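Read the single chain below, which is given as structure tokens and is the form predicted alone.
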């Protein structure tokens, strides 16, 4: 696995230091959208002396080289997305979890046209949905409550 990561970094013109390889190993294997602090916590197991500044610099470099996407999906919080194909996001307002939604799950084909009508040239777009899981109601029981008999 490390050999593949080293080759991928080299292919992008990134010098594969031990810190960069450790960061890449984590962020390219996760399905989450980690912030720099989460990456630091995960990578410290492998590279105990790594600093938060090194993690930030590495993540920004990876985003600049097209290995990750840097996303500001909520106020004051930047996360990194290893999924580079076009897709949308759903944010759970209760937990903060960020879920990926396939591009084809939403129909927004007129969004770029609307922006062009306002004089913008659109380079990229995505939809960010925010919400809470619907409360699950217990299934209705057909049994009579204890101590009571059903009417016949």
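Residue numbers count along the first chain shown, from 1. Note that this is a predicted model, so its numbers are computed, not measured.
Absent from the display: the form predicted in complex with another copy of the chain. The rest refers to it.
J.: Within 4.5 Å of another copy of the chain in the predicted complex, counting heavy atoms only, one of 59-67, 22-30, 35-43, 106-114 shows up; tell me which.
T.: Contact-bearing stretch, as computed: 106-114.
J.: Is residue 10 a contact residue for another copy of the chain in the predicted complex, using a 4.5 Å heavy atom cut-off?
T.: Taking the distances in the predicted complex, the answer for residue 10 is no, it never comes within 4.5 Å of another copy of the chain.
J.: Can you work out whether residue 122 and another copy of the chain are in contact in the predicted complex, taking contact to mean some heavy atom pair no more than 4.5 Å apart?
T.: Yes - in the predicted complex, heavy atoms of residue 122 and another copy of the chain come within 4.5 Å of each other.
J.: Wondering, does residue 90 line up within 4.5 Å of another copy of the chain in the predicted complex on heavy atoms?
T.: Taking the distances in the predicted complex, the answer for residue 90 is yes, it comes within 4.5 Å of another copy of the chain.
J.: Quick check on residue 126: any heavy atom within 4.5 Å of another copy of the chain in the predicted complex?
T.: Close contact exists here: in the predicted complex, residue 126 approaches another copy of the chain to within 4.5 Å, heavy atoms only.
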